[in-house]
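A single chain comes next, written as structure tokens; it is the form predicted alone.
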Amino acid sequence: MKVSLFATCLSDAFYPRVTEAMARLLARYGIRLDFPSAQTCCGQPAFNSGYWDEAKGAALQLIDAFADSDFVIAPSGSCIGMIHHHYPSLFKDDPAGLAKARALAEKSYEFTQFLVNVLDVKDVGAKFPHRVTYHPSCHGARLLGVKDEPLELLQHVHGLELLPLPFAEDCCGFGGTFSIKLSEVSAAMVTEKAEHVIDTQAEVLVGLDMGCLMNIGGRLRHQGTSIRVMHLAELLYEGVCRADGRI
């Protein structure tokens, strides 16, 4: 079984520790991740900006990169959601391309989807004695339908106190190019989201998409808080290391 890592742009360029945590966690279950070097952006920024020809070029590159993979795993519901829901639009007039796009979608999973639904792992044996709140990113939760999996994993972490986030499903205001085109609206949205996070009195904010976490984390730092911001893969791996006595 060839399981490949789709690193995604933000994790690859700014947060490599997220994909490292994914790889180390999956290795505990006998999964050695392959990394096709030909992979690139999923094309979502171009797609959302109306540049569909450019998005289609990126999509073709990604489809070819993972053509031989049995599973494709990414630390982003947004990028996997792009593959599942928008690639068919890009290839609607190209039957051969559409078939390849659908084949990629069928074997592509967000990290927690793969861990819970494919590997049937709900308790990784992590220990994390902190107050934690969870932000469900829009694309992961609404577009891809990833809702129960991250919560199930968090509920099995020993010592973790999961605190409800007020208005959790409200967008953080990132939205990729949205935060650039409508920066004032985006800033107002992330300010409100940060205030809700602070209201929980959590020590840690966790999520599944580094775009959202980067945006909220930046606002939290601007407001002078000490709330730690982590991808769920990072939290689980740190918790496993703590449980094993390595921290």
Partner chain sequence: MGGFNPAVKLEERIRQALNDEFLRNAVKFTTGRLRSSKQQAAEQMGNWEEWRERGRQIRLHTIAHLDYYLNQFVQNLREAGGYVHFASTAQEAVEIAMQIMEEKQAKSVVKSKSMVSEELHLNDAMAAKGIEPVETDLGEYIIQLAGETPSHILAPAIHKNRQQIADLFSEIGGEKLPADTAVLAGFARSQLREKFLQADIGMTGCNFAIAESGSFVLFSNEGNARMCSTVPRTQITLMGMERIIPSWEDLEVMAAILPRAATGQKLTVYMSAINGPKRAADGDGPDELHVIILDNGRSQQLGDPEFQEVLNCIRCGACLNACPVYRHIGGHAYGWVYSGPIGAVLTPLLNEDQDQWGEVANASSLCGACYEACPVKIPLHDMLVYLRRRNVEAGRTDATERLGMKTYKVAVSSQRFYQLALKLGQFGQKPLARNGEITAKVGPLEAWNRLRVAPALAKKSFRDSWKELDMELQHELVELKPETKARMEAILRKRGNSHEN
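Residue numbers count along the first chain shown, from 1. Note that the structure is a prediction, hence the values are computed from the model and not measured.
Separately, the form predicted in complex with the partner chain exists; it is not shown, and the next lines address it.
Think of it this way: in the predicted complex, the partner chain has a heavy atom of just one of D94, D170, E161, E152 within 4.5 Å, and the residue is D170.
Looking at the partner chain in the predicted complex, residues V3, S37 and M214 each place a heavy atom within 4.5 Å of it. With a 4.5 Å cutoff on heavy atoms, N48 counts as touching the partner chain in the predicted complex. Shown alone here, F71 lies within 4.5 Å of the partner chain in the predicted complex, counting heavy atoms only.
By the criterion of a heavy atom within 4.5 Å, R131 is excluded from the residues contacting the partner chain in the predicted complex.
Using a 4.5 angstroms limit between non-hydrogen atoms, A243 is distant from the partner chain in the predicted complex. Residues of 53-68 lying near the partner chain in the predicted complex, listed in sequence order, are D53, E54, G57, A58, Q61, the criterion being any heavy atom within 4.5 Å.
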